[in-house]
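Before any questions on how it binds or moves, here is one chain, the form predicted alone, in structure tokens.
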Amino acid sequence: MCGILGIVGVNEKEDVYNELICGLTTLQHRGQDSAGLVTFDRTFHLEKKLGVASEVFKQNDLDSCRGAWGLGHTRYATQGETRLMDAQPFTLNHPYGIAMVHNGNITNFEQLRENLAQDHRYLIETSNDLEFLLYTFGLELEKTGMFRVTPESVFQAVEGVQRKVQGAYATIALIAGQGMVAFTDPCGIRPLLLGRKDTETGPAYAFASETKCFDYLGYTPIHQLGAGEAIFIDANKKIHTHSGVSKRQAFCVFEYIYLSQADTSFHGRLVASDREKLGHVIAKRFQERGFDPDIVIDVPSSGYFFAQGLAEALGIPYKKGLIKNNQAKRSFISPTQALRKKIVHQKHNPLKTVIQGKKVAVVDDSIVRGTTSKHICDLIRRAGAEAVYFVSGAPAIKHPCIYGVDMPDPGEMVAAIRTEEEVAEFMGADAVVYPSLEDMRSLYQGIGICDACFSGEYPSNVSEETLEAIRQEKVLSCR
């Protein structure tokens, strides 16, 4: 999971680096390992560092980052290592000069590595799979043989990438002096949207991972890229669209559940509203099992809208029972289990007067490893709760995600080898309540979602060998 941003500025006299930095801060929840940006003004100007965007970029570093076209990236290393050389964007000086950012995971990286080395003599230097996308796109663009790029040659290159590169990727490429292209994998797993801003001196355009970014920068969302779609904005800011290599759309449902912020919209649906609806669905599970909590509280902040929907449907009070330490990072997207445990113990503090003597339904967006959930149950017990019902906004996660969410090993998933009763016992809860897979799917009929982490049904061809290779890659990067 990463945050990506591409901006085509109003005119050549206005630099976009400040807007890129502001945009990246709105996407910071998608990655805290590193932040980077690149602008173009006759040449690429690249700045990237380890850490978060609000801290790593200094004015004296940015004085040379001139240009009205630029890309930005916030990284969470679901595959590869957390090193400066792995931070995005990446650049390539031939053909034309290409800068690129992406969000997602490539699944056939070993095959691509071998092909690039044997057929084209490319040495893969980083552990970031963006390198495979960048080199493949450059080779495909060079094949077109055009002195200057055309929309047709760009789309031809994109289709070449889509045929060769498997997995999930939302990608933005800046072609020096020629334009900017954004495209998705054939299943459209990771999100990518186009926004427009009209000014007195002309329009500006932006591609971003979430509409939240557009809200803060003053852009209006005008289109969400579908499965295998490509959009090219040429040097004159004319927009060209293309339906590339595509399969059935399989948009990551975890974007609705956890990854994206609640004030983002996908497919015309506000994330916050969908989380509320899941809360209503979960209320039926409570009623079926005869649980009668006194209050509903959330694990802040991604559990709030699920909890609000649950409390509303059950007709019982929603209370603020846990206070979050806003200085703590997102534990789920921290790179190691040791660091996740440390962050979890710094994140929350219970309000004892709210919890004491109550039967408490505590709602989180999901239960993955159980690290946070177990600690939360303990906090609520020690605050004097009579009973603890732990509620997941998502169905039980039982299978690895290979498309850009850090769930590569079933051995890390608390529900993969346990029944609901065993999960509750492990976490120290009186009961655990999940929506069913069918409950969740019913909310997204007509969209086309990927729910492989719940169902094990992967939208792209995935063998056991591929799953093991991805697991090993993650193990090596965490050493």
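The first residue of the sequence shown is number 1, and the count goes up from there. Computed from a predicted model, the values in this text were never measured in an experiment.
Only in words, not in the display: the form predicted in complex with a small molecule, which the text now covers.
Heavy atom within 4.5 Å of the small molecule in the predicted bound form: which of Q162, T372, S392, T136?
Of the listed residues, the single hit is T372.
Consider the chain as shown here, without its partner, and state which of T264, S302, N128, Q178 has a heavy atom within 4.5 Å of the small molecule in the predicted bound form.
Checking each option against the small molecule in the predicted bound form, the one that comes within 4.5 Å is S302.
Among 398-406, 186-194, 83-91, 239-247, mark the stretch whose residues have heavy atoms within 4.5 Å of the small molecule in the predicted bound form.
Residues of 398-406 come within 4.5 Å of the partner.
Should Q166 be classed as touching the small molecule in the predicted bound form when contacts are defined as heavy atoms within 4.5 Å?
Judged by the heavy-atom cut-off of 4.5 Å, Q166 is well away from the small molecule in the predicted bound form.
Would F155 sit within 4.5 Å of the small molecule in the predicted bound form, counting heavy atoms only?
No, no contact at 4.5 Å.
Are any of the heavy atoms in Y258 no more than 4.5 Å from a heavy atom of the small molecule in the predicted bound form?
Yes - in the predicted bound form, heavy atoms of Y258 and the small molecule come within 4.5 Å of each other.
Taking the small molecule as it sits in the predicted bound form, is V271 near enough to touch it, meaning that at least one heavy atom pair lies within 4.5 angstroms?
V271: no, not in contact with the small molecule in the predicted bound form.
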